[in-house]
Ligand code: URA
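We begin with a single chain expressed as structure tokens, specifically the form predicted on its own.
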Amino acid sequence: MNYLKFNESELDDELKEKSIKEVRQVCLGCKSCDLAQTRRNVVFSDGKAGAPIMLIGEAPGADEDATGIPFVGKAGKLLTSLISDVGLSRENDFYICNTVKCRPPENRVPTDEEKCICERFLNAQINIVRPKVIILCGATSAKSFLGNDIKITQIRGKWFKLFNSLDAVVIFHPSYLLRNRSEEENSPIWLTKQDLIAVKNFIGK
């Protein structure tokens, strides 16, 4: 992916919101891949375009497809709870989106072709939001930026530079956490909280 650099003074929060709305309008009408034939809603994003944290997930599920909002099902509710537990606000601190904006049938993993077609929208979101940190949520999201050979258990909690300029960290997807509900030390949920605490410290909250 190509990251287009802006001058820091170019986009204030108001201009970011306006720019995001313009990209969203284009995305809502997109029919560039077969996912457009089976979707109920385009799931573009949630949160503030001026937020310091950008979280990128995999793809919408059934609840997201029904509402048009990312991370609102059981996994999304768990994510929101974890964000709150560490003293962050989903509403104020996060801009949330996915690698693809339409639900793949039966919640299958999006194909490389689907991600490639949708890349222009994700790239625009990154360019406009220009967050302090990007959270790559789950294996599909991480592979989109770091390569298909990575293993989520090996890179979870590690920090990377995307496009040579953006700080990013990898966390477990909340759908995985739903299958591993223990909160004991070193459990997946405990580790995810530590990752979110590290993000909180990174942005200076």
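All residue numbers refer to positions in the sequence shown, first residue = 1. The structure displayed is predicted, hence computed values, not measured ones.
Quick note: we don't show the form predicted together with uracil (URA), though the next part is all about it.
Looking at uracil (URA) in the model of the complex, residues 71, 98 and 173 each place a heavy atom within 4.5 Å of it. Although the partner is absent here, residue 47 lies well away from uracil (URA) in the model of the complex, with no heavy atom inside 4.5 Å. Put simply, residue 59 is close to uracil (URA) in the model of the complex: some heavy atom of it is within 4.5 Å. Note that among 164 to 172, 51 to 59, 31 to 39, 149 to 157, the stretch whose heavy atoms approach uracil (URA) to within 4.5 Å in the model of the complex is 51 to 59.
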